[in-house]
Ligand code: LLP
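Form predicted alone, single chain, as structure tokens, below.
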Amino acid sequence: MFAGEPLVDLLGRAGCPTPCYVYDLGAMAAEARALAAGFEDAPHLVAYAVKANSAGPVVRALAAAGCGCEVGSAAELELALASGVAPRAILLSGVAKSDAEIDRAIGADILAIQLDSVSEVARVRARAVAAGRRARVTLRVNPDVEADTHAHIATGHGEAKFGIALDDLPEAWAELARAPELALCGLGGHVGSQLVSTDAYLRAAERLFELVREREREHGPLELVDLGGGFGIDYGQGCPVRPADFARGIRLLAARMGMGRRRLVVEPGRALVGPFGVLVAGVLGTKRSYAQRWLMIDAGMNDLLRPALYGARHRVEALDTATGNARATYRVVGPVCESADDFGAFELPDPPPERVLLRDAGAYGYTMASHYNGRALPAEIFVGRGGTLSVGRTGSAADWVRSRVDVPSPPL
């Protein structure tokens, strides 16, 4: 079942070829509301990290559930604004923002531009002066907290490229004191993604709250504290915490440390969308090679990069009804010309079904997809209230060919 309907029926109504993504918008919105409820009466903002799934129907569904957005580029900022998200519910992050991105954020008067380095204070100040505006900013601090997650998505330790080191904060404060064109709204931080425990997250939050208190002793109250995101989901190996557990932990810690009525901001991405999307793939064939049985599907690393990039495991299950009870272990691989185009070994019906699904693909799936090998981008099916559907079909192989061929050649 998917969104209350057999997935095979839903696919039949949508009429999409494989591979295709399918998303349950109602479940995404419900998870966002459950997360917000964990804050109870504490002032807060759930700023959805658009990079996790940037589809317009997803962003609009979460905005309707009360979410703002955390964006990492001018394009994501435009997407959030076009999806009806209020500017003062948007934060711009990133270690290397362009002048154009800073200018757009200042012009839109968003909640805050998150300054990621001491040098960025002067850069944003210069753009504010050029615009004749005062820019709202926060400092993103690197809390030097090691999170138990994959090295590629750990962001809060001392060797990560993200945030201002604790030792550099005095210099950042001094730069801000010389920049009346910047309005400091608060502090923020982030320790990593796919966190399956609140421990490291709350250690980083405690460090941020301590820094807020130190700053406020001399300079008055700050408006907000941004704790970042990174809440994990169950990819099949278990996840003992839910997004609301992080919210409750933050709320209780903030109360204990006297944070009062400061606005608590979180930036979840994966946790709001990951469990509520699947990638459906067609089975192209099987083969034996030495002792290995292979199952070839029409979805590859160009459609879902996480297994190749992070060694991530997405459960592969039969979609169509099996004709018998026999089972076999298959190594499931895609059509891309890379050995990394491998989703892992799974027990499946034997003979195999015509289609399989890859679970928990609602985050960092289509948004990281590419045309590698000249392959088309997958379709997307969005399921709304009462089983209503919308379908997005973009980026055909023919479009890719035209985009490559139509580039004019200079004289040789």
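Fair warning: this is a prediction, and the values are worked out from it, not measured in the lab. The numbering used is simple: start at 1 and walk along the sequence shown.
One more form of this protein exists, namely the form predicted in complex with the named molecule; it is left out here, but the text below deals with it.
Checking Thr198, Ser83, Gln194, Ser117 for any heavy atom within 4.5 Å of the named molecule in the predicted complex turns up a single hit: Gln194. Screening Leu35, Ala49, Ala361, Ile381 for any heavy atom within 4.5 Å of the named molecule in the predicted complex leaves a single hit, Ala49. The stretch in contact with the named molecule in the predicted complex, judged by heavy atoms within 4.5 Å, is 230-238, chosen from 230-238, 330-338, 103-111, 166-174. The three residues Ala14, Asp303 and Arg375 each lack any heavy atom within 4.5 Å of the named molecule in the predicted complex. Contact annotation for Trp294: none of its heavy atoms lies within 4.5 Å of the named molecule in the predicted complex. Shown alone here, Gly269 lies within 4.5 Å of the named molecule in the predicted complex, counting heavy atoms only. Proximity of Met368 to the named molecule in the predicted complex: non-hydrogen atoms within 4.5 Å are present. In the predicted complex, the named molecule sits within 4.5 Å of a heavy atom of His190. For the partner-free chain shown, just Glu70 of 56-75 comes within 4.5 angstroms of the named molecule in the predicted complex, judged by any non-hydrogen atom.
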